[in-house]
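Shown here is one chain on its own, the form predicted on its own, set out as structure tokens.
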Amino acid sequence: MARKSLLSSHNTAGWIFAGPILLLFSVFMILPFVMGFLLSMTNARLISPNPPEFVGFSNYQRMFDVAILTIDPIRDEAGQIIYDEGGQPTYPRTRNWTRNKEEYPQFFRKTEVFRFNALRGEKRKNVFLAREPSFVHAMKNTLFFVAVVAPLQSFLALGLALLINQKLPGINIFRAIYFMPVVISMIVVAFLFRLVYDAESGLLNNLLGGMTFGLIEPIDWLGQRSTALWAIIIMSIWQGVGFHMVIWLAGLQTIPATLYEAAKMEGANGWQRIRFVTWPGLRNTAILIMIIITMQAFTLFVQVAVMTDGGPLNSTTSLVYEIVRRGAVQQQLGFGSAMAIVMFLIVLSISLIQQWISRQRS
């Protein structure tokens, strides 16, 4: 049997209608990706007088060039560990190792972690060395942001959708209230929450102080490494939960009411109806929502730029923020393009994995 041609009298009309979309997709999606990949293989700078040079995969190597250095604590002449005033072991400066050791000549900055060595009964300092520590911080913060926001926002939106999926008087008012933050610009929301989180006269500190009669002192929510990223996470969930609530609600309304009636006649309680009727009917909706939330979470930028500017100490830097800072501010177009390519591959891989897991379960 002869193989049908891609362009025949039967599908000519289809190609004609699909042509404009394919052209736009190629011009605005495929072509920029190819150009970005080629640019990532160079050392191009925005206003450099020198022409770009081909450097291969050196930009990618810089991003993932890491090492772990284990440093023993300082000991006295008797071999005993020297402790500081806080009772913690003292260690040699990391720069003494990275500058003097031949195996660490390129690492001049670092992020540090501590690990307890149970075999020797003492603490050893494990330093995570990276040629591009800002990229490591951005990657860690972005992955943590996605891991927290994706499940929390999706389940909270599902809970709200179940609550408003009722035929009650005035239910549309609650739907509008829950959806209202979505129509507000993220820049405006970020500025508002910056005032809410203010360390001196913020609404949150005033509420906590009033409720505890001054027992809780004002907290600099955006100025501490332990709270800054969590503050952005809470704000992001609040702003976007209404959008995903609407998608869940649309999925709920596609489930036939006869299935609930049949389950009720069989003696199923409320939880059993949700488990065996509602959730199976929302499987495709769940896949869509998880993909959308994941992609949106990876584009974290406005909140960081408005509220923290990546600080304190890179604790809120995201991949997109670092890409913009490297490419536009520091004018490192080659390295910024390499970071963008890596981010694209990560998002694509996560989306494919989510789809594969969902299909396997179904």
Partner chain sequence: MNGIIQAATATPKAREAVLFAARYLPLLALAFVFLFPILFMLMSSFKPTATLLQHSNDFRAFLPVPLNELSLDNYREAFNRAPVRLFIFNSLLVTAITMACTLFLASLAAFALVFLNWWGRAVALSVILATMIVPFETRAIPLLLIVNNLPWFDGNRELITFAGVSLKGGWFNTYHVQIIPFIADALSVFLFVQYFKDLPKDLVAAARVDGANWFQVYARIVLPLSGPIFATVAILKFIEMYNNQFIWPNMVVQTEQYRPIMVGLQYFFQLNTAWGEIMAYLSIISVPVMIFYLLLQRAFIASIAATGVKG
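Only the largest set of C-alpha atoms that superpose within 1.5 Å between the two forms is called the rigid core. Model, not experiment: these values are computed from the prediction. Residue numbers count along the first chain shown, from 1.
The same protein has a further form, the form predicted together with its partner chain, not shown here; the description that follows concerns it.
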- Task: Using a 4.5 Å heavy atom cut-off, indicate which stretch of 200 to 208, 271 to 279, 146 to 154, 76 to 84 touches its partner chain in the predicted bound form.
- Result: 200 to 208
- Query: Between the options Leu215, Met265, Ala257, Val188, which residue brings a heavy atom to within 4.5 Å of its partner chain in the predicted bound form?
  - Reply: Val188
- Any of the heavy atoms of Pro52 lying within 4.5 Å of its partner chain in the predicted bound form? no
- Query: Would Phe193 count as a contact of its partner chain in the predicted bound form, using a 4.5 angstroms cut-off between non-hydrogen atoms?
  - Reply: yes
- Message: Ala13 versus its partner chain, in the predicted bound form: is there a non-hydrogen atom within 4.5 Å?
- Response: yes
- Non-hydrogen atom contact Leu31 with its partner chain in the predicted bound form at 4.5 angstroms: yes
- Task: Scan 296 to 325 and write down, in order along the chain, each residue with a heavy atom lying within 4.5 Å of its partner chain in the predicted bound form.
- Result: Thr299, Phe301, Val320, Ile323, Val324
- Item | Core-superposed C-alpha of Met180 shifting 2 Å or more between this form and the one not shown | no
- Message: Taking 2 Å as the cut-off, check whether the CA of Gly210 shifts that much or more between this form and the one not shown after a rigid core fit.
- Response: yes
- Message: Rigid core aligned, does the Cα position of Ser26 differ by 2 Å or more between this form and the one not shown?
- Response: yes
